[in-house]
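Alright, here's a single protein chain in two forms, structure 1 and structure 2, each given by itself as structure tokens.
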Structure 1
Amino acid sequence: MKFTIPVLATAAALTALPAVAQDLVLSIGSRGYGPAVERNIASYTAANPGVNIEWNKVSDVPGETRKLYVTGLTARSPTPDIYAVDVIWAGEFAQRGWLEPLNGLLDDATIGAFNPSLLDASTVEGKVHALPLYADGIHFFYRSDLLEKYGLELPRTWQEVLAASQTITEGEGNPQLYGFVSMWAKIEGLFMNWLAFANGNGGGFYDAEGNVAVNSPANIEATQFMVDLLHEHRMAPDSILNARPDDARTLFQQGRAAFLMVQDFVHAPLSADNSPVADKFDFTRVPYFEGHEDANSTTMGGWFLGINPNSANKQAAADFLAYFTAEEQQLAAAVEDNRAPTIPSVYEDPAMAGNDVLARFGANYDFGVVRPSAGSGSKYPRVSEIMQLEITNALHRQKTVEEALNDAQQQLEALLAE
């Protein structure tokens, strides 16, 4: 009986330890969700003094972050506790057992509040493995001052964009000013770009029956336009082939491009007080090809937050996750930082009425197209790699557009039949 007290004390100390040391590590890029990350961490830790949250600022280039996660998750590292996953990885990571099912950790009402079609992306075997944090898409940013200067209408079709670009660059006569910039390096963003062009011409990854049809005539025509835009019309600089989203954004922000095609996030830096183009730009829906005004040319993306199954503090992580994605926080991120909410009721809030930018982003999402990640599951990285490589082959004129897309089609059929 004498040793009961030390035993009890030890047991108490052991159970108390995790409660005291609730150190959570959150991995998310600094660009994607912007200032809301810092704000949410600060407000949560102020309300929960026992919790300590470290923000691990991972790269905003998804491919790089993915490599980091894969290394850690295959080694079963307990950190990060909570991490941001691209919508295209959610299903794959859940399948691989890299995301903790949330149904046991959060109540049904919390999970049920989210947009059900977004939840589908992380639902495997009936269990939700990550919560959608925000949605985004590709938009077409333009220099409103230059359009006005040359008396140009806002271009709606790619043919009009080409004509407007030529008028502006010839008129300005400045070799430092390019017509069009975007993210055409061999990255996921290139595939997103291609989907925007292909769908804008009535094509796409799948045909009407849902079969892979990347070498359809409409896709060949759209891809040829991308090649010509670069090599024949010289509408884009050669550097577009090395450009990632921020490289393109930087050129546009420094006044060196008339048109820019990237995701939502550039709106904040472009409109910041110190931005040289702050009051000279606007954005619209991604252009389409003549005769396809109903085309779904806005390639969609988005990010989820999930929990590492090896985390030592899963419940604490889940509580923070629920707070981070809750209505109040989403409303603030929407109103202040233009991040598109994933809980439908947030859009109904009166505070949203004043946000014109987000409303217009939302209007573009009506023409949204998603990447084929749901249909290809854990094969998606290879699907995307095949497309990136073959599109790059065409853009570098290593292959004709037809050869490149035929090769892609053949490889995709073989891969998906495996």
Structure 2
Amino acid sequence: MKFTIPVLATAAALTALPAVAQDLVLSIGSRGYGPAVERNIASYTAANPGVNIEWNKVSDVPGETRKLYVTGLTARSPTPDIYAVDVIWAGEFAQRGWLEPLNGLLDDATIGAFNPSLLDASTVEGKVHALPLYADGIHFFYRSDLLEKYGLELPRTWQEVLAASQTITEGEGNPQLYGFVSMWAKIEGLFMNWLAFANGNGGGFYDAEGNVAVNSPANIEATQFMVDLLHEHRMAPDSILNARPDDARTLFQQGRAAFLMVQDFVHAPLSADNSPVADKFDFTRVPYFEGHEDANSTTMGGWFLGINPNSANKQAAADFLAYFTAEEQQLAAAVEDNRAPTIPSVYEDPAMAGNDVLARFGANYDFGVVRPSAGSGSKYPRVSEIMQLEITNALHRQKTVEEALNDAQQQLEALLAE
């Protein structure tokens, strides 16, 4: 069965593919999901000869793709029928009516198979608007050789991380060695960090009733720990306040930190043959605070697939979406392309035994939390901006932790009430 792979680069091109019965357009970048896209198209069309699928290879730069989508969706273009969205776009797109609710198009068992934390990111008013395609997230990397040298158990709590850091740095006597590095520049990664600390203390962005509660006692305590980690315990370098993910990874890779907390992409360069720490590190789930061992402290990201509500072939699109994201296809993408599955049961498949790293990432995702983008919708960028600024104010000690989080709470309540 023939299928075409046009390359579309403009908003005009997005509207230039009129859909006919059983003809579908899938819009996703060529790097994000790699060879799995073409493989899944080929296998689906072979099994469904009445369906023709065209792959619209959009940019892998999220901002460029977003602009393309917004232009076409605002114009109510019927194509693409299925398209990929970043985890933090899903809530906004759903609220704006740019994603077709999947409940009714897909059965509950199909939807319920996915990681529930990830599903939260596309759930608006009780309806799921996109399925998670692949995941990424923050993990906790550590110098296994230094833990062994000092006879230390793997720290599970932040209190244990602090104690281990102090033992290692005092024992090494190297002023260039720090206990902990991460991405604490005023970027999205800082908000992800804060969510990991806050949720790890039994807190989080929302309270149990779904109300914004960033200034809760649990959050204040967790944020104070972040401040003290830097200023009182000197566990991290001052440069952490300007550090982005790769900055932190570089310090750890140079042997200048015992612990590192960033996204999973760093595993490849850390384990490369020319890496100074290639055989000296490992990773585990993000730590939690004492008494909160079940906390969802692994802040997650990833990409989803959803359906254009203007599509002329919604049910056909839903059938292909279900196939594309199903367990069998996710397993193949994991084994062949190293993409982290979003269906937890995939990690239990015997075929995953050959990729221990990905399987362990998956175990960490069992303790996953997503950013509050579903509830805040189009206001999420401003939500993140407020949190980044006030967390930064606390970390720089320009405000007390309580002042910073109270100010954030006030701004967020006003924003979300608009």
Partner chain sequence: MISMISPLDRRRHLTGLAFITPTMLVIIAILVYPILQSIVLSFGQSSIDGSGPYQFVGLKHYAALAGNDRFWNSLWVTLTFTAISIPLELAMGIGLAVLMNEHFRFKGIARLAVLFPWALPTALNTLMWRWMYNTDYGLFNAAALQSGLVDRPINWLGDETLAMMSMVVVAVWKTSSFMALIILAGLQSIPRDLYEAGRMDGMTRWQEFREITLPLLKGPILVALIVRSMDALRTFELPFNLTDGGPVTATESLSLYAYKVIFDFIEFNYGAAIVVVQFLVIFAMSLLYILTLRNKD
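Each residue is numbered by where it sits in the sequence of structure 1, with counting from 1. Heads up, when I say rigid core I mean the largest set of C-alphas that superpose within 1.5 Å between the two forms. Small disclaimer: the values here were computed from a predicted structure and weren't measured.
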### Summary
Students should recognise the form predicted on its own as structure 2
### Query
Since part of the chain moves as a rigid unit against the rest between structure 1 and structure 2, which of F205, A185, F265, A135 is at the hinge?
A135
#### Entry: Degrees turned by the smaller rigid body between structure 1 and structure 2, as judged from C-alpha superposition
43
### E336 CA shift between structure 1 and structure 2 in angstrom, with the core used for superposition
6.0
